[in-house]
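Before any questions on binding or motion, here is one chain by itself as C-alpha coordinates, the form predicted alone.
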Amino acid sequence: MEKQRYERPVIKKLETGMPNKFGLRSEYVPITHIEGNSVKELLSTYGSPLFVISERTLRQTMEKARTAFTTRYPKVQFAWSYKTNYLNAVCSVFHQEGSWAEVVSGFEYDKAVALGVDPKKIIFNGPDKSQEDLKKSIGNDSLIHIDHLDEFYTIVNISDKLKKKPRVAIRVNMDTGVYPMWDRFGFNYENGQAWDAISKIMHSKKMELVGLHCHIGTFMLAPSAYAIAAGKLADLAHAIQQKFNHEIKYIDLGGGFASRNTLKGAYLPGIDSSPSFDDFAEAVTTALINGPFKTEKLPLLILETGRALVDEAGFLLGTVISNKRSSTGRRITILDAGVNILFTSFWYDHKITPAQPFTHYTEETIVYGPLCMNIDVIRENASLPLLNKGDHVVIHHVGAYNMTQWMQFITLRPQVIMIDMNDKPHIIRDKETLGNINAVEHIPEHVKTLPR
(Lines give C-alpha, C1' and ligand atoms only; values in the text may rest on other atoms or scores of the structure.)
Protein backbone atom coordinates (compact mmCIF):
# COMPACT_ATOMS: atom_id res chain seq x y z
CA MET A 1 0.00 0.00 0.00
CA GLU A 2 1.40 3.38 -1.06
CA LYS A 3 2.16 5.75 1.76
CA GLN A 4 -0.17 8.74 1.73
CA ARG A 5 1.22 12.27 1.71
CA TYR A 6 0.93 14.01 5.06
CA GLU A 7 -1.09 17.22 5.18
CA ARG A 8 -0.60 19.36 8.25
CA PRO A 9 -3.73 20.70 9.96
CA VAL A 10 -4.67 24.21 8.90
CA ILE A 11 -7.09 26.90 9.99
CA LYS A 12 -8.20 28.95 7.02
CA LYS A 13 -10.35 32.08 7.06
CA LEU A 14 -13.56 31.70 5.08
CA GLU A 15 -14.47 34.54 2.72
CA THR A 16 -17.85 35.37 1.20
CA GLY A 17 -18.10 33.86 -2.25
CA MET A 18 -15.52 31.14 -1.66
CA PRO A 19 -16.75 27.91 -3.24
CA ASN A 20 -15.60 25.58 -0.45
CA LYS A 21 -13.66 25.38 2.80
CA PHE A 22 -10.36 25.14 0.98
CA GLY A 23 -10.71 28.52 -0.73
CA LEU A 24 -10.14 29.37 -4.39
CA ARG A 25 -7.89 26.91 -6.22
CA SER A 26 -5.67 27.37 -9.24
CA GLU A 27 -7.35 24.51 -11.16
CA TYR A 28 -9.74 21.73 -10.33
CA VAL A 29 -7.87 19.08 -12.30
CA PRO A 30 -4.15 18.75 -13.06
CA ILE A 31 -2.92 19.14 -16.62
CA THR A 32 -1.11 15.83 -17.00
CA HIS A 33 -1.30 15.71 -20.82
CA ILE A 34 -1.19 18.20 -23.68
CA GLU A 35 -3.03 16.90 -26.73
CA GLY A 36 -2.42 13.28 -25.83
CA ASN A 37 1.20 13.77 -24.78
CA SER A 38 2.19 13.21 -21.16
CA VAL A 39 3.78 16.31 -19.64
CA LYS A 40 6.15 14.09 -17.64
CA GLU A 41 7.24 12.21 -20.76
CA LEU A 42 7.67 15.41 -22.79
CA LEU A 43 9.97 16.83 -20.13
CA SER A 44 11.86 13.55 -19.87
CA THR A 45 12.37 13.45 -23.65
CA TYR A 46 13.05 17.10 -24.46
CA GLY A 47 14.31 18.51 -21.17
CA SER A 48 12.97 20.99 -18.65
CA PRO A 49 11.93 23.75 -19.10
CA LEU A 50 10.21 23.21 -22.44
CA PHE A 51 8.06 25.37 -24.72
CA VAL A 52 5.18 23.58 -26.42
CA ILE A 53 3.17 24.99 -29.34
CA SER A 54 -0.15 23.49 -30.38
CA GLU A 55 -0.57 23.51 -34.16
CA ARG A 56 -4.23 22.59 -33.72
CA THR A 57 -4.86 25.65 -31.53
CA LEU A 58 -3.04 27.92 -34.00
CA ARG A 59 -5.25 26.78 -36.86
CA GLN A 60 -8.47 26.77 -34.85
CA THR A 61 -7.85 30.26 -33.49
CA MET A 62 -7.02 31.53 -36.98
CA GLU A 63 -10.30 30.08 -38.25
CA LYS A 64 -12.26 31.80 -35.47
CA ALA A 65 -10.71 35.16 -36.34
CA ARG A 66 -11.19 34.70 -40.08
CA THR A 67 -14.83 33.67 -39.67
CA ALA A 68 -15.57 36.60 -37.35
CA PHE A 69 -14.40 39.14 -39.94
CA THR A 70 -15.28 37.50 -43.28
CA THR A 71 -18.90 36.91 -42.27
CA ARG A 72 -19.22 40.65 -41.63
CA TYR A 73 -17.07 42.17 -44.39
CA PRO A 74 -16.42 40.96 -47.95
CA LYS A 75 -12.71 41.80 -48.32
CA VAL A 76 -10.43 40.72 -45.46
CA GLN A 77 -6.75 39.84 -45.38
CA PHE A 78 -4.72 38.80 -42.33
CA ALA A 79 -0.96 39.50 -42.19
CA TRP A 80 1.00 37.52 -39.60
CA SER A 81 2.90 39.75 -37.16
CA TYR A 82 6.44 38.35 -37.17
CA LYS A 83 7.58 40.16 -34.03
CA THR A 84 4.92 38.30 -32.01
CA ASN A 85 6.47 34.90 -32.72
CA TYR A 86 8.88 34.46 -35.62
CA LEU A 87 9.72 30.78 -35.20
CA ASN A 88 9.69 29.43 -38.74
CA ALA A 89 7.19 26.67 -37.97
CA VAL A 90 4.72 29.11 -36.41
CA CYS A 91 5.00 31.59 -39.29
CA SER A 92 4.57 28.80 -41.83
CA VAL A 93 1.34 27.62 -40.20
CA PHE A 94 -0.16 31.09 -40.52
CA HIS A 95 1.05 31.42 -44.12
CA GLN A 96 -0.55 28.07 -44.91
CA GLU A 97 -3.73 29.54 -43.46
CA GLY A 98 -3.54 32.38 -45.98
CA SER A 99 -1.84 35.11 -43.97
CA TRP A 100 0.56 37.59 -45.54
CA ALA A 101 3.66 38.67 -43.58
CA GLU A 102 3.91 41.85 -41.51
CA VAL A 103 7.50 42.71 -40.56
CA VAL A 104 9.23 45.57 -38.75
CA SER A 105 12.92 44.99 -39.54
CA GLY A 106 15.24 43.87 -42.29
CA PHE A 107 15.86 40.66 -40.34
CA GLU A 108 12.14 39.84 -40.27
CA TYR A 109 11.78 40.79 -43.94
CA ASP A 110 14.56 38.40 -44.97
CA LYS A 111 13.05 35.69 -42.77
CA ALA A 112 9.68 36.01 -44.53
CA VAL A 113 11.29 35.87 -47.98
CA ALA A 114 13.34 32.81 -46.97
CA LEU A 115 10.13 31.07 -45.89
CA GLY A 116 8.78 31.52 -49.41
CA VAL A 117 6.38 34.42 -48.84
CA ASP A 118 5.65 36.36 -52.03
CA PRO A 119 7.43 39.72 -51.47
CA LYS A 120 4.34 41.48 -52.85
CA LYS A 121 2.51 40.07 -49.83
CA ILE A 122 4.97 41.44 -47.27
CA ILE A 123 4.00 44.57 -45.33
CA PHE A 124 7.06 46.46 -44.10
CA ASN A 125 6.24 48.52 -40.99
CA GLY A 126 8.33 50.25 -38.35
CA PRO A 127 10.46 53.38 -37.96
CA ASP A 128 13.83 51.75 -38.73
CA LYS A 129 14.16 50.75 -42.37
CA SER A 130 17.71 51.13 -43.67
CA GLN A 131 18.51 52.26 -47.21
CA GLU A 132 19.33 48.66 -48.08
CA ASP A 133 16.03 47.50 -46.58
CA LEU A 134 14.12 50.06 -48.63
CA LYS A 135 16.00 49.27 -51.85
CA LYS A 136 15.26 45.58 -51.41
CA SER A 137 11.58 46.05 -50.59
CA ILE A 138 11.05 48.58 -53.40
CA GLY A 139 12.78 46.24 -55.85
CA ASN A 140 10.54 43.39 -54.68
CA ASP A 141 7.37 45.51 -54.93
CA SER A 142 6.58 44.98 -51.25
CA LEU A 143 4.16 47.21 -49.35
CA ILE A 144 6.02 49.92 -47.43
CA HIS A 145 4.27 51.76 -44.60
CA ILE A 146 5.95 55.13 -44.16
CA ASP A 147 6.52 56.09 -40.52
CA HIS A 148 8.12 59.56 -40.77
CA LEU A 149 9.13 62.22 -43.29
CA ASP A 150 12.82 61.27 -43.25
CA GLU A 151 11.74 57.88 -44.55
CA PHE A 152 9.56 59.55 -47.18
CA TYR A 153 12.50 61.59 -48.50
CA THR A 154 14.73 58.50 -48.55
CA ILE A 155 12.13 56.60 -50.58
CA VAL A 156 11.90 59.51 -53.05
CA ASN A 157 15.67 59.36 -53.62
CA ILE A 158 15.73 55.58 -53.98
CA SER A 159 12.76 55.50 -56.35
CA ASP A 160 14.52 58.05 -58.59
CA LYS A 161 17.63 55.88 -58.74
CA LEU A 162 15.75 52.62 -59.29
CA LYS A 163 13.31 54.20 -61.75
CA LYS A 164 10.56 52.40 -59.91
CA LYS A 165 7.35 53.60 -58.29
CA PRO A 166 7.01 51.90 -54.89
CA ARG A 167 3.67 50.94 -53.34
CA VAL A 168 3.30 52.78 -50.03
CA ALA A 169 0.92 53.57 -47.21
CA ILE A 170 1.32 55.92 -44.27
CA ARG A 171 0.96 55.02 -40.62
CA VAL A 172 -1.53 57.28 -38.87
CA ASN A 173 -1.76 57.83 -35.11
CA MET A 174 -4.92 59.27 -33.59
CA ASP A 175 -7.06 59.84 -30.53
CA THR A 176 -9.37 56.85 -30.10
CA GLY A 177 -10.32 57.54 -26.49
CA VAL A 178 -7.69 55.16 -25.09
CA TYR A 179 -4.84 56.76 -23.12
CA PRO A 180 -1.93 57.15 -23.10
CA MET A 181 -2.28 57.64 -26.85
CA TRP A 182 0.23 55.90 -29.09
CA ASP A 183 1.62 58.89 -30.99
CA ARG A 184 5.26 57.85 -31.25
CA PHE A 185 4.75 56.13 -34.59
CA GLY A 186 3.44 57.59 -37.83
CA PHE A 187 1.64 60.86 -38.56
CA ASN A 188 -1.02 62.39 -36.35
CA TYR A 189 -4.59 62.60 -37.62
CA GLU A 190 -5.86 65.45 -35.44
CA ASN A 191 -3.09 68.00 -35.98
CA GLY A 192 -2.87 67.57 -39.76
CA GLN A 193 0.43 65.66 -39.97
CA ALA A 194 -1.26 62.75 -41.74
CA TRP A 195 -2.86 64.96 -44.39
CA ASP A 196 0.45 66.78 -44.91
CA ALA A 197 2.21 63.43 -45.54
CA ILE A 198 -0.57 62.35 -47.92
CA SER A 199 -0.28 65.61 -49.87
CA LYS A 200 3.49 65.26 -50.15
CA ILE A 201 3.13 61.71 -51.50
CA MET A 202 0.43 62.65 -54.00
CA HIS A 203 2.23 65.75 -55.28
CA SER A 204 5.62 64.03 -55.53
CA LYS A 205 4.26 61.47 -58.02
CA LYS A 206 7.24 59.30 -57.04
CA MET A 207 5.20 56.58 -55.34
CA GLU A 208 1.77 55.00 -55.39
CA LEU A 209 -0.31 55.59 -52.26
CA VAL A 210 -2.23 52.33 -51.92
CA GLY A 211 -3.20 52.20 -48.25
CA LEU A 212 -3.70 53.79 -44.85
CA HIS A 213 -2.43 52.10 -41.71
CA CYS A 214 -2.76 52.48 -37.96
CA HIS A 215 -1.82 50.49 -34.88
CA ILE A 216 -3.54 52.15 -31.94
CA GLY A 217 -2.15 50.14 -29.03
CA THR A 218 -1.50 46.76 -27.51
CA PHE A 219 -3.69 44.38 -25.50
CA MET A 220 -6.67 46.55 -26.33
CA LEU A 221 -9.80 45.86 -24.30
CA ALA A 222 -12.07 48.38 -26.06
CA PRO A 223 -13.40 47.32 -29.49
CA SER A 224 -14.94 50.80 -29.77
CA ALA A 225 -11.43 52.25 -30.17
CA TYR A 226 -11.02 50.26 -33.40
CA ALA A 227 -14.37 51.58 -34.64
CA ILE A 228 -13.10 55.12 -34.12
CA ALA A 229 -9.81 54.32 -35.87
CA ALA A 230 -11.58 52.69 -38.82
CA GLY A 231 -13.90 55.67 -39.13
CA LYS A 232 -11.05 58.18 -39.16
CA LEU A 233 -9.07 56.22 -41.76
CA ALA A 234 -12.23 55.92 -43.86
CA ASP A 235 -12.67 59.70 -43.69
CA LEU A 236 -9.06 60.18 -44.80
CA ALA A 237 -9.58 57.80 -47.72
CA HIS A 238 -12.72 59.70 -48.73
CA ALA A 239 -10.86 63.03 -48.58
CA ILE A 240 -8.12 61.61 -50.81
CA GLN A 241 -10.76 60.52 -53.31
CA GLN A 242 -12.40 63.94 -53.23
CA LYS A 243 -9.24 66.02 -53.63
CA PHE A 244 -6.97 63.80 -55.73
CA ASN A 245 -9.50 61.51 -57.45
CA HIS A 246 -7.42 58.64 -56.08
CA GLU A 247 -8.80 55.47 -54.53
CA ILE A 248 -7.19 53.89 -51.47
CA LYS A 249 -7.03 50.13 -51.99
CA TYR A 250 -6.76 49.02 -48.37
CA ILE A 251 -7.17 50.09 -44.78
CA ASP A 252 -4.83 48.32 -42.35
CA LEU A 253 -5.96 48.44 -38.71
CA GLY A 254 -2.80 46.81 -37.37
CA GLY A 255 -2.98 44.53 -34.36
CA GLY A 256 -3.32 44.86 -30.61
CA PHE A 257 -6.31 42.61 -29.93
CA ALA A 258 -6.18 41.29 -26.37
CA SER A 259 -5.56 37.60 -25.72
CA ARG A 260 -7.14 35.60 -22.88
CA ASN A 261 -4.24 36.26 -20.54
CA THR A 262 -4.84 38.18 -17.31
CA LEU A 263 -3.10 41.52 -16.96
CA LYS A 264 -1.43 42.23 -13.63
CA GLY A 265 -3.79 44.15 -11.40
CA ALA A 266 -6.87 43.18 -13.39
CA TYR A 267 -10.03 42.58 -11.36
CA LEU A 268 -11.32 39.82 -13.63
CA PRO A 269 -9.37 37.07 -15.38
CA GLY A 270 -8.66 37.58 -19.08
CA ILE A 271 -10.86 34.65 -20.08
CA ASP A 272 -13.84 36.67 -18.76
CA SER A 273 -12.82 40.24 -19.60
CA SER A 274 -11.05 40.10 -22.98
CA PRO A 275 -13.27 40.89 -26.00
CA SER A 276 -13.79 38.12 -28.55
CA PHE A 277 -12.90 38.24 -32.25
CA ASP A 278 -16.62 38.76 -32.87
CA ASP A 279 -16.60 41.86 -30.64
CA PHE A 280 -13.66 43.40 -32.51
CA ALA A 281 -15.05 42.39 -35.92
CA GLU A 282 -18.46 43.90 -35.22
CA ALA A 283 -16.92 47.24 -34.21
CA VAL A 284 -14.50 47.46 -37.14
CA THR A 285 -16.70 46.26 -39.97
CA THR A 286 -19.71 48.31 -38.90
CA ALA A 287 -17.58 51.45 -39.01
CA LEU A 288 -16.31 50.64 -42.51
CA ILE A 289 -19.63 49.54 -43.98
CA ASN A 290 -21.34 52.64 -42.60
CA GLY A 291 -18.51 54.82 -43.92
CA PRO A 292 -18.31 56.88 -47.11
CA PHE A 293 -17.50 53.97 -49.47
CA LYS A 294 -19.76 52.70 -52.22
CA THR A 295 -20.49 48.99 -52.03
CA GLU A 296 -18.40 48.16 -55.07
CA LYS A 297 -15.52 50.36 -53.81
CA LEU A 298 -15.03 48.97 -50.30
CA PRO A 299 -11.31 48.86 -49.47
CA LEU A 300 -9.54 45.66 -48.48
CA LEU A 301 -9.41 45.34 -44.68
CA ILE A 302 -5.97 44.20 -43.49
CA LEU A 303 -5.44 42.93 -39.93
CA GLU A 304 -2.01 42.38 -38.36
CA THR A 305 -3.32 40.34 -35.44
CA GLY A 306 -0.55 38.57 -33.50
CA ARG A 307 -1.01 38.08 -29.76
CA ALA A 308 -4.67 37.02 -29.89
CA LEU A 309 -3.87 34.36 -32.51
CA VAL A 310 -0.86 32.71 -30.88
CA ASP A 311 -0.95 33.28 -27.12
CA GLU A 312 -3.33 30.46 -26.29
CA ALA A 313 -1.37 27.97 -28.40
CA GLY A 314 1.77 28.22 -26.25
CA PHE A 315 2.64 26.37 -23.04
CA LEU A 316 5.76 26.46 -20.89
CA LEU A 317 6.44 23.24 -18.99
CA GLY A 318 8.70 23.41 -15.97
CA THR A 319 9.91 21.60 -12.88
CA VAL A 320 9.96 22.57 -9.20
CA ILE A 321 13.51 23.12 -7.94
CA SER A 322 12.69 23.76 -4.29
CA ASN A 323 10.33 25.27 -1.71
CA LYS A 324 11.09 27.64 1.15
CA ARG A 325 9.59 30.33 3.35
CA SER A 326 10.17 34.05 3.08
CA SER A 327 11.10 36.13 6.12
CA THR A 328 7.41 36.91 6.54
CA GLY A 329 6.40 33.26 6.39
CA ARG A 330 5.02 33.24 2.85
CA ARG A 331 5.49 30.08 0.86
CA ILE A 332 7.98 30.29 -2.00
CA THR A 333 8.19 27.81 -4.88
CA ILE A 334 11.17 28.00 -7.24
CA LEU A 335 10.85 26.72 -10.81
CA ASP A 336 13.51 26.04 -13.44
CA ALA A 337 11.80 28.53 -15.81
CA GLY A 338 12.61 32.20 -15.26
CA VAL A 339 11.78 35.62 -16.68
CA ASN A 340 14.65 35.29 -19.15
CA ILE A 341 12.41 32.95 -21.15
CA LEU A 342 9.03 34.12 -19.83
CA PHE A 343 9.26 37.85 -20.44
CA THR A 344 5.48 38.26 -20.34
CA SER A 345 5.42 37.41 -16.63
CA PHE A 346 6.21 41.12 -16.16
CA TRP A 347 2.79 41.89 -17.72
CA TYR A 348 0.56 38.95 -16.92
CA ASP A 349 -0.53 36.76 -14.05
CA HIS A 350 -0.05 33.59 -16.06
CA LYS A 351 -2.19 30.63 -15.07
CA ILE A 352 0.00 27.94 -13.49
CA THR A 353 -1.35 24.41 -13.28
CA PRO A 354 0.23 21.40 -11.55
CA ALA A 355 1.00 18.55 -13.95
CA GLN A 356 0.27 15.77 -11.47
CA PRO A 357 -2.58 15.07 -9.01
CA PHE A 358 -2.62 17.43 -6.05
CA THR A 359 -4.33 17.78 -2.69
CA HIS A 360 -7.12 20.08 -1.62
CA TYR A 361 -4.85 22.19 0.56
CA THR A 362 -3.72 25.37 -1.18
CA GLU A 363 -1.58 28.25 -0.06
CA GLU A 364 -0.81 31.70 -1.38
CA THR A 365 2.56 31.21 -3.05
CA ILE A 366 5.24 33.39 -4.62
CA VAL A 367 6.56 31.61 -7.72
CA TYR A 368 10.17 32.42 -8.61
CA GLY A 369 12.40 31.35 -11.46
CA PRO A 370 15.98 30.03 -11.11
CA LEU A 371 17.91 33.22 -11.89
CA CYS A 372 20.18 34.95 -9.37
CA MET A 373 18.14 38.14 -9.77
CA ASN A 374 15.45 39.40 -7.40
CA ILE A 375 13.25 40.40 -10.35
CA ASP A 376 12.90 36.77 -11.45
CA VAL A 377 9.26 36.50 -10.36
CA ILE A 378 6.86 34.33 -12.38
CA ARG A 379 3.85 35.05 -10.14
CA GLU A 380 3.81 37.46 -7.21
CA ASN A 381 0.83 35.65 -5.71
CA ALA A 382 -0.72 32.39 -6.84
CA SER A 383 -3.07 30.07 -4.98
CA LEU A 384 -1.33 26.73 -5.46
CA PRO A 385 -1.28 23.32 -3.81
CA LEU A 386 1.92 22.22 -2.11
CA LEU A 387 4.34 21.26 -4.85
CA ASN A 388 7.36 19.12 -4.05
CA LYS A 389 10.83 19.18 -5.57
CA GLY A 390 10.66 17.40 -8.94
CA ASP A 391 6.95 18.08 -9.49
CA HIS A 392 6.00 19.58 -12.85
CA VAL A 393 3.85 22.57 -13.78
CA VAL A 394 2.22 23.92 -16.93
CA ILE A 395 2.24 27.68 -17.52
CA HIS A 396 -0.51 28.70 -19.92
CA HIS A 397 -0.93 31.21 -22.78
CA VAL A 398 2.75 31.94 -23.47
CA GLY A 399 2.76 31.83 -27.29
CA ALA A 400 3.13 35.58 -27.88
CA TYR A 401 6.41 37.51 -27.51
CA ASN A 402 8.22 35.05 -25.23
CA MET A 403 10.04 33.32 -28.09
CA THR A 404 11.06 36.65 -29.63
CA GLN A 405 11.89 38.65 -26.48
CA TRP A 406 13.58 35.87 -24.52
CA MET A 407 17.20 36.31 -23.47
CA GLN A 408 20.27 34.18 -23.07
CA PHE A 409 20.88 35.25 -19.48
CA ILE A 410 22.48 33.04 -16.83
CA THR A 411 20.85 29.95 -18.37
CA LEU A 412 20.59 28.74 -21.95
CA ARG A 413 17.31 28.93 -23.83
CA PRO A 414 15.31 25.70 -23.98
CA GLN A 415 13.95 23.54 -26.75
CA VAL A 416 10.65 24.33 -28.46
CA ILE A 417 8.37 21.64 -29.83
CA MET A 418 5.17 21.77 -31.86
CA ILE A 419 2.45 19.17 -31.47
CA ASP A 420 0.89 18.57 -34.88
CA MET A 421 -2.70 17.88 -35.89
CA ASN A 422 -2.13 14.14 -35.22
CA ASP A 423 -0.82 14.82 -31.70
CA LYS A 424 2.77 14.07 -32.71
CA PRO A 425 5.51 16.31 -31.25
CA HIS A 426 8.19 17.84 -33.50
CA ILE A 427 11.28 19.81 -32.46
CA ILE A 428 10.96 23.25 -34.09
CA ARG A 429 13.88 24.91 -32.29
CA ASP A 430 16.84 23.17 -30.73
CA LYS A 431 17.94 24.02 -27.22
CA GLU A 432 20.75 26.53 -27.01
CA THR A 433 24.27 25.28 -26.34
CA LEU A 434 27.52 26.81 -25.18
CA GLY A 435 28.73 26.32 -28.77
CA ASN A 436 25.97 28.63 -30.06
CA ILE A 437 27.15 31.35 -27.71
CA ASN A 438 30.87 30.91 -28.34
CA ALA A 439 30.39 30.75 -32.13
CA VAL A 440 29.81 34.52 -32.33
CA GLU A 441 32.54 35.52 -29.87
CA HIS A 442 36.22 36.25 -30.51
CA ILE A 443 39.13 36.48 -28.07
CA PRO A 444 42.03 38.80 -28.94
CA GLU A 445 45.32 36.91 -29.03
CA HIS A 446 46.84 38.92 -26.20
CA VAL A 447 44.19 37.83 -23.69
CA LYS A 448 44.05 34.13 -24.61
CA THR A 449 46.88 33.06 -22.33
CA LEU A 450 45.84 32.58 -18.70
CA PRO A 451 48.26 32.73 -15.74
CA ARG A 452 49.37 29.40 -14.28
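Given the structure is predicted, the values throughout are model-derived calculations rather than measurements. The first residue of the shown sequence is 1; numbering continues from there.
This protein has a second form, the form predicted in complex with a small molecule, left out of what is shown; the following refers to that one.
Shown alone here, residue 83 lies within 4.5 Å of the small molecule in the predicted bound form, counting heavy atoms only. Taking the partner from elsewhere, residue 257 is found to have a heavy atom lying within 4.5 Å of the small molecule in the predicted bound form. Interface membership of residue 171, defined by any non-hydrogen atom within 4.5 Å of the small molecule in the predicted bound form, is confirmed. When the small molecule is considered in the predicted bound form, residue 142 lies well away from it, no heavy atom lying within 4.5 Å. The stretch in contact with the small molecule in the predicted bound form, judged by heavy atoms within 4.5 Å, is 298-306, chosen from 314-322, 282-290, 298-306, 128-136. Proximity to the small molecule in the predicted bound form, taken as a non-hydrogen atom within 4.5 angstroms, holds for one residue of 182, 343, 195, 361, which is 182. Proximity to the small molecule in the predicted bound form, taken as a non-hydrogen atom within 4.5 angstroms, holds for one residue of 276, 273, 224, 218, which is 218.
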